[in-house]
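What follows is a single chain, given as structure tokens, in the form predicted on its own.
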């Protein structure tokens, strides 16, 4: 992973399982919210799978495309693009038909002080989309934030754990699920809700946050002392492959993360060893954290391809060589739901 081009190419390398699963899902693939942190790599992965498998599908990415050059970049990969404001009902109604929809729209950071906007993005947009695509399969990106904090020895919240969201962002994420579930019950729409904790790219993510703190001698807050994470390429594969797992009558809920409950203190020491420094810690580990148990999606779709150790090695190398970052910290330490 010497540069962004190599990283993007690797993220867009489809497995044979992905190609087979997309072959079983007839129709085009529409990616809503394709301009976010994960959307561009997911769109490229979908297009690569379609091309390699010689599948008769279009891959269509929808976003406001406020990032310079992103629309042209996706089109160079062969992804069709549509610029749209998904808060506008008329623009949603004008979107192309598609049998398969990946819903990645959401708002998190900047919620405090603009709670109304977060609720509009996370509940009003789902209502417009669920109405427009009531006859499609829909894989909905959700968040593990809908769960309560659970004991670190518990193995993480499972899909049957009753939601107990902390703060308005997490509450609106549960609202997003409930809106989609309403349309699923009303119209028989097949869907799956993917509760994600936390995707890892080399330009952002929990590992990047920690590696930067260690490298620059900044203290690490241990109050949230354990996390889950998953390579972004694996999360993208899961999302696309989950289209074949969609169900009606409210859809199916699946946690989406890696198999480990990872110690923040341990990660600090691992990165310090890589950089030849000593980690600085503050606070003490809480007995309860926001943790997911993803055993069900692992059973359905297999374990992630990229193990935690590889993610750590790549991240340490990327940070050491001064690789570009998105400048979007995860704020995984937040315990009061204020984003």
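Small disclaimer: the values here were computed from a predicted structure and weren't measured. Numbering follows the first chain given and starts at 1.
One more form of this protein, predicted in complex with a small molecule, exists but is not displayed; see below.
Chemist: Would you please decide whether residue 65 lies within 4.5 angstroms of the small molecule in the predicted bound form, comparing each non-hydrogen atom pair?
Modeler: Yes, residue 65 sits close enough to the small molecule in the predicted bound form that at least one of its heavy atoms falls within 4.5 Å.
Chemist: So in the predicted bound form, is the small molecule close enough to residue 193 to count as touching (4.5 Å, heavy atoms)?
Modeler: Result no; residue 193 lies far from the small molecule in the predicted bound form.
Chemist: Even though the partner isn't displayed, in the predicted bound form is residue 45 close enough to the small molecule, meaning a heavy atom within 4.5 Å?
Modeler: Residue 45: no contact with the small molecule in the predicted bound form.
Chemist: Any chance residue 225 has a heavy atom within 4.5 Å of the small molecule in the predicted bound form?
Modeler: No.
Chemist: Could you check which residue among 171, 142, 81, 184 gets a heavy atom within 4.5 Å of the small molecule in the predicted bound form?
Modeler: The residue from 171, 142, 81, 184 that makes the contact is 142.
Chemist: Among 128, 254, 121, 245, which has any heavy atom within 4.5 Å of the small molecule in the predicted bound form?
Modeler: Exactly one residue meets the criterion: 121.
Chemist: Can you pick the stretch from 31-39, 280-288, 295-303, 47-55 whose heavy atoms fall within 4.5 Å of the small molecule in the predicted bound form?
Modeler: Selected range: 31-39.
Chemist: So in the predicted bound form, are 85, 104 and 198 all sitting within 4.5 Å of the small molecule, heavy atoms only?
Modeler: Each of the three qualifies.
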